[in-house]
Each structure stands twice: as C-alpha cells, then as structure tokens.
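Shown below, as structure tokens, is a lone chain in the form predicted on its own; questions about how it binds or moves come after it.
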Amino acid sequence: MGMIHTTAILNKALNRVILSEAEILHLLQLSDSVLRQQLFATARLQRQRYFGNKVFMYGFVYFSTYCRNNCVFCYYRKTNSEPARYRKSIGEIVEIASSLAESGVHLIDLTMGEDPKFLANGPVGYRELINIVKEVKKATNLPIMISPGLVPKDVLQELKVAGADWYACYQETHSRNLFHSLRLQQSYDERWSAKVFAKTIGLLVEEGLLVGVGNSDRDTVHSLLEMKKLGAEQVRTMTFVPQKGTPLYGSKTNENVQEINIIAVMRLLFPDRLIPASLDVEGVAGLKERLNAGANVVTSIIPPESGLMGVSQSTLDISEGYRTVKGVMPILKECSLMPATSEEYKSWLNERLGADARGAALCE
C-alpha cells in the first residue's frame, strides 16, 4: 500500500467515512516518515475542525501509592519494595488541588492505587474516598476525574453525587489473554462493566491502552474498536516504561513510534473526543510530538514541592517545575496551540453529557 492508498484512507477519515480494520491497521503500521507526517497533518486538521487551537490541561493528584493489585507492569504493584509509599491526608489533597486550580488547570484528576484503606475497609473507606471528591469539588469548583480502580456500582453513584464528572479505569489491553497475564487475578469483565455502568449514570468515561507489553497491531485495532463500542469520551494510549522491581523490568525500552501513530489514528477515529498527551512517559520533551499527532489534552500536570509522584515516570520533570501549566506553555506556542478557558472545557463537558443522555434515551 503506497502513497495513493494512504492518502485515500486519510481522505475517508477526514470525511467521517468508517474505516475498515485493514485500513486502520495500515495507518497504525506506517513507518515511512513522509507518510507518517501526512497522517499527523490529517490528525491535526481533524482536531482543528472540532477544537480549534484549544487544548485542555489536567492537574494530577496521585494521592495514594498503596495498591492491593500485583499488575506486572506497575511500579506500585503490591509486592514491589522499591517505591516510597504515601497516602496524602484530605487536607493535603485539597491544598494541592487548590494550587493546581489557581495555576489554570481545567480538571483535577484524583488518582490512587487500589488502596485497601479505601477499597477493602468497608463503608468507612468508601466514605473517605467520597469525602475527598466532595471537598476537592467544594474547594476548586472544577470538573473532577476519579481514578480509584475498580469500585462497586453504588460507590460510583455516590462519587458522582459528590461531584465526580469522570471515571477513569483502564483495561490497558482488550485481548483477554494479555489482560490476564498483565493484571494478575483480576476480572476483565468486572473492570469493563464498571465503565459501562458509569456511563449509564451520567459519568464520562476514560479508557486507556498500554503499548509495548506484548500487544500486536491487530490487538491495537481491536482495542480501538472496543473503545468505540464503549463510547469513551476520552481515549488515551501510553508507551510502557519498564519499572524497577517489577517482573518486566529487564524488558527493552520501547520506542514511541507506536504510541504516536496510535494517537493520530485515535484522532481520526474519535474526532470529537479528548485524547491526552501525557507528561508521564517522556516528560516535557515528548509533549510536542504527541500534540503534533493530534492530542488535545495535556495530562499529568503536577505541582513541584507537593511530594507527589507520577505513575510511569515517578519523578520526571516534576521538581524542576516543568510539569506545570507555565512549564508547558512554550511548547503549546511552538505547536500554535493555546489553553482553552475553563468555560470552554465545561461547555464541552456539558455538550458531551447531553449527547450521551440523548443517545441513552434513543437506546431505551
């Protein structure tokens, strides 16, 4: 498939014609630099149509690094003795969230490992988790994404009432075999149905895909189609970074080619959705490439001096103050982009919630 074919596929995508699995695969596998640039230019054009030159900024509060799971790819897996574990108090969480709000982020992402203190401590733990959302909402009045891992349905409902707008809970892969070899002793279906349920109660959902952990290009096509089926409002992909003290630590470091191609293909398949460029893989240095591939959210903004960690790069660029709204502004400028206003983000959210509610009504 040469130049002509690639151009034809990209034109189809621009015209919102549904691409076949073979066509998606073709785009994911592009390695020729000229054709890749063509893919990225098309993705930027599609982003421009739906979002203009505006980008959303997410503040990241990783408030507990304790976890009950033993995922083979994760630095914070239960049996890893390498990371410094911490739990932030509610006061600290509110203070950090407030400083992020003042710095100009559009959303607060409250993330934790599946900490037993919150998730295996009966109603007391859940109440504490719900309270964190309530207090952060009160202090910042910003949209909130909650990433607590797998929680019961009634808790999801209470989190929404407390002020959560988003539920993030990644499969990492949509190949069941690979899922079970990565997320040891976890249920694929429970994790998936939590997201399906979250959408029915009016939460927006983020789904994520980890690359470089044994997924083939065909697996990636399958993942993208599953994300579409889910109706996720935010879709993300991240390159796996081998972590010290984990079973995969010896594996070779992945190049980012796959991730950057996937971001661009996501923009073509999900033109009106949010696609993050994470600072948690290659820090500020990798941001430009991800934005130029069609991403429209900068995630993992972390205030320096807050004692917070990142997930896949626990310290990269944090203390230097680069992972701040101010720190990423020069890169946005280089990409001819600018941060949206808080109002623009909230109006996107309301529009999406309205569209989801209309869609749900049609299905009934």
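All figures in this text were calculated on a predicted structure; none of them were measured in a lab. All residue numbers refer to positions in the sequence shown, first residue = 1.
Although not depicted, the form predicted together with a small molecule is the subject of the following passage.
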item: Candidate spot Gly149, Tyr170 and Val311, all three touching the small molecule in the predicted complex (heavy atom, 4.5 Å); value: yes
item: Option touching the small molecule, based on a heavy atom within 4.5 Å in the predicted complex, out of Phe270, Trp166, Phe118, Phe73; value: Phe73
item: Of Leu224, Ile260, Val205, Leu210, the one that lies within 4.5 Å of the small molecule in the predicted complex (heavy atoms); value: Leu210
item: Contact label in the predicted complex: Thr111 to the small molecule, heavy atom within 4.5 Å; value: yes
item: is_contact(Lys195, the small molecule) in the predicted complex, heavy atom dist at most 4.5 Å; value: no
item: The small molecule contact in the predicted complex: Lys228, any heavy atom under 4.5 Å; value: no
item: Any non-hydrogen atom of Arg183 within 4.5 angstroms of the small molecule in the predicted complex; value: yes
item: Proximity to the small molecule in the predicted complex (heavy atom, within 4.5 Å), stretch among 73-81, 122-130, 153-161, 135-143; value: 73-81
